[in-house]
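Take a look at this single chain in structure tokens; it is the form predicted alone.
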């Protein structure tokens, strides 16, 4: 039997999925032991037990000055910015993508513009956004919107263009207006792709958020990482990195579950 036809069973699939994480943890532990044996005061690779102790402290102990648990404050602030930016991007990309895909006039007017905007490096616009919108929440949300909306819009517009023309013609034959075609024919077929696009864009959204928080913020996950880096507090930095990774994974899993529950026909067709 050819290798491409070998499908691992569930226990083996779980083991194979866990192997990279086990290998990464083992490599880090070995590297940490080597450095700490050479210099017990080394801060670059803290021991896993040190990271665990730091995580417990960050999650449970309030700050001495503010009497608040800073990690939770940072989490809520960053998630509010992230979800706001991603939500606005999803809505804009859906509306513009449907317009470009269905309306020839909108396609002629906007497709080239969206293509050009998608080539602009979003982080290069960060100083401009701070000047225009100030150092508050707006500039951070706008950076996320500018960073991920063009990509999502182009992909959704292409998905609309891939809808069989026969469906459009049949809907018009039955007397459907352009709005009805958009809502009853195109929208149900585009929504699963929208969720997939949001999942694919989450990594970029986190990148833009952390970059903006690192430059100008007084609360947030990115702000805290760049604040403690000056003290070489790698145990705190790694705790925050692991926490951000977990949050990203959780959001991705929730979106995947939503897509599977809301569009089972899409999952069955994959």
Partner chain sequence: MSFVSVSNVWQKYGNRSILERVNVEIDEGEFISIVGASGCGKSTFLRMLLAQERPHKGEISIDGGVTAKEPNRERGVVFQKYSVFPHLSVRENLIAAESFDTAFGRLSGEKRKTAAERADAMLERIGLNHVADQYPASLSGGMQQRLAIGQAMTAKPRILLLDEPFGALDPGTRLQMHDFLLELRDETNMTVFMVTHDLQEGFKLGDRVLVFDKPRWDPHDPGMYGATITYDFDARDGGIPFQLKEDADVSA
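Keep in mind that what you see is a predicted model, and the values were worked out from it rather than measured. Positions refer to the first chain, counted from 1.
What follows is about the form predicted in complex with the partner chain, which we do not show.
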query: Contact segment among 195-203, 148-156, 179-187, 94-102, judged by heavy atoms lying within 4.5 Å of the partner chain in the model of the complex; finding: 179-187
query: Listed residue (175, 127, 121, 134) with a non-hydrogen atom within 4.5 angstroms of the partner chain in the model of the complex; finding: 175
query: 4.5 Å heavy atom contact, residue 79 to the partner chain in the model of the complex; finding: no
query: Non-hydrogen atom contact residue 169 with the partner chain in the model of the complex at 4.5 angstroms; finding: yes
query: Partner contact for residue 165 in the model of the complex: the partner chain, 4.5 angstroms, heavy atom; finding: yes
query: 4.5 Å heavy atom contact, residue 8 and the partner chain in the model of the complex; finding: no
query: Residues from 240-258 in contact with the partner chain (non-hydrogen atom within 4.5 Å) in the model of the complex; finding: none
